[in-house]
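Single chain ahead, by itself, as structure tokens, in the form predicted on its own.
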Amino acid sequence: MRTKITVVGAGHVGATVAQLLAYRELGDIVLVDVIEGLPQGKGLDLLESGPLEGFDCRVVGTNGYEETRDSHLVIITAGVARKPGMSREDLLKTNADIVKSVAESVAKYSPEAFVIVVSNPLDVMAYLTKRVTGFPKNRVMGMAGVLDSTRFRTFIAMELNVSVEDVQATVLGGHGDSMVPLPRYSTVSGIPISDFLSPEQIERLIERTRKGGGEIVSYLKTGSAFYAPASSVVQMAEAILKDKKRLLPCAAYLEGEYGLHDIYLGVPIKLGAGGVEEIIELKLTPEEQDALSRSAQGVKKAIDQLQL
């Protein structure tokens, strides 16, 4: 049986996700959007690039969920994008209504699927998706830490004028201004970044990472980031579909890990064919733990506003 991947939302993020999935031949792709003609047109356009890019997977666009039936993986990108001056939390009510509807359809048509949530506010939408679908915690996760970490990696590489391939970084916490980049767990070819950068430089890069999405929104004016978010999602998708056992920072459901309960938050996980196969508990300093707890409080406050 061929692997089927559904991407909900045919905007910039969703369409780019579909493109990268197709180029890597990770499975047949169903692109879903409420706007009539949009997923059909983008899906056909992508399909027609197959002879040139050398992929044989099928791509179809649709406005309904019948064609998504029995998807192995569902990626939810649907929702309103941020505009200048908006926080991710400003999107809460509008996107909660959208994601709730999507989650209901996913549970109906693909009850065995793994789900990666991208819609903002990310951690809250992942929590909502788990509640609405009733899926076990290992099958619902959010894309956040991979994106935040790749931004941190990019800024470190730019600062040091080294290859991004040699830079590793870890960012925990909620996907927002309260995220917790961890310099102690960030390295260049295994060497801690503190050996290369002053505390002032590191703090400046941390602050830019926290504001990374907003920086792009301020440039684009009418949209938000999509290249790096799409690449982040596809790295997660590939880890699941190829059972790669990647250790990646993702939004996962916590039941006591890091002293936190009943919440989705960015933490390192082992990602493979079983979805979230393990949550990795790093040894944090008291200051790092306090920062993570503060980040969790912000997510909890937003979850409470859902009135589930």
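From a predicted model like this one, the values you see are computed outputs, not experimental measurements. Note that residue numbering begins at 1 and tracks the sequence as displayed.
Below: the form predicted together with nicotinamide-adenine-dinucleotide (NAD), not depicted.
Among the residues L38, L47, L247, I279, the one placing a heavy atom within 4.5 Å of nicotinamide-adenine-dinucleotide (NAD) in the predicted complex is L38. For the residues A126, M179, A144, I156, the 4.5 Å heavy atom test against nicotinamide-adenine-dinucleotide (NAD) in the predicted complex is passed only by A144. Using a 4.5 angstroms heavy atom cutoff to nicotinamide-adenine-dinucleotide (NAD) in the predicted complex, none of T170, Q201 and E288 count as contacting. Judged by heavy atoms within 4.5 Å of nicotinamide-adenine-dinucleotide (NAD) in the predicted complex, the contact stretch among the candidates 96-104, 193-201, 180-188, 127-135 is 96-104. Remark: L254 does not count among the residues lining nicotinamide-adenine-dinucleotide (NAD) in the predicted complex, judged by a heavy atom distance of 4.5 Å or less. Looking at L265, you'd find every heavy atom of it more than 4.5 angstroms from nicotinamide-adenine-dinucleotide (NAD) in the predicted complex. In the predicted complex, no heavy atom of S149 sits within 4.5 Å of nicotinamide-adenine-dinucleotide (NAD). Residue contact check for L122: one or more of its heavy atoms lie within 4.5 Å of nicotinamide-adenine-dinucleotide (NAD) in the predicted complex. Along 214-232, residues S224, A225, P229 each place a heavy atom within 4.5 Å of nicotinamide-adenine-dinucleotide (NAD) in the predicted complex.
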